[in-house]
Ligand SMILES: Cc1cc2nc3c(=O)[nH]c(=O)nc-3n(C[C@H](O)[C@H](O)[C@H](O)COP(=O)(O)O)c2cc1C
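Only one chain is given next, in structure tokens, and it is the form predicted alone.
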């Protein structure tokens, strides 16, 4: 029996999405209207979830890549009010907010959504986002960020479930801290990362994990899925895995490849160099400085380019490798989401039961 593959949207809440190139598309204006329309389309098509990223500074250049970004919790609260079935995940950079503040924010959106809301925890590697706000203490955070995120989530989950929380840790101190109302259900937690520290953190704290790096084969992704499942089982838990995927689909392979080549030819080298500069600050990302232009233009995020049938077959292969779901991003959400719904989803064996 073919495993069902959940589908979701990595929403266009930032200008430019996951392709650093000039022109529209891939550049887009980050607006509520666009995010509302594509989320409603995804819900009507039976997609299971939508997630918005958290971003506090972009990479400039002619494209102004990521310079504009909607605030994730505000956006997802608004989307909760206009949707009825689709699950919604807001992202939080744990460096930017106290868990006691986030506990109440999340409980509020959970109420608005009637049980469809979850939180994506971002440990926060990008120094230049947080240093501009005075929220970066020292570069040791590059090495201990998952320790910080673990303590953050420990406090957050206690605030969601306990009458009062007193806590004294390395990073947070709470004294008889109360947070009401409580969420009416266990909010699902999403995390990402593939370092050893990240995988241990995910196995202990997450319900869903994002896996995948550029050039990973479906088989390699399957190995990571199995590793996370094993680590989670040792903790007495179950963690399902998603991957992020940039999709360029067309009637034929040649048409899709021509679209990809157009973005590569129009890449924004100024924004790319800034992306590489700040990525290189992280000792865990030093290899980013050696990436080839195609990989960098797509921000080292996996992508699939090809005919509708090729894309559908690739997604079915991911399902066969044990992926629970795929979070999709596109060069032009306004046209690409309806196109994907009409021409790719009907061809997916892993979606026929849905």
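Numbering follows the first chain given and starts at 1. Predicted model, so just to flag it, every value in this text is computed and none were measured.
Keep in mind the form predicted in complex with the ligand is missing from the figure; the text below concerns it.
Residue 326 within 4.5 Å of the ligand in the predicted bound form, heavy atoms: No - in the predicted bound form, heavy atoms of residue 326 and the ligand never come within 4.5 Å of each other.
Any non-hydrogen atom of residue 129 within 4.5 angstroms of the ligand in the predicted bound form: Yes, residue 129 is a contact residue.
Residue 194, heavy atom within 4.5 angstroms of the ligand in the predicted bound form: Yes, residue 194 lies within 4.5 Å of the ligand in the predicted bound form.
Residue 10 within 4.5 Å of the ligand in the predicted bound form, heavy atoms: Residue 10: contacts the ligand in the predicted bound form.
One stretch from 33 to 41, 316 to 324, 50 to 58, 303 to 311 that, in the predicted bound form, holds residues within 4.5 Å of the ligand by heavy atom: Among the listed stretches, the partner-contacting one is 50 to 58.
One residue of 160, 125, 148, 208 in contact with the ligand, assessed in the predicted bound form (non-hydrogen atom, 4.5 angstroms): Residue within 4.5 Å of the partner: 125.
Residue (of 256, 272, 244, 232) lying close to the ligand in the predicted bound form, criterion heavy atoms within 4.5 Å: The residue in contact is 244.
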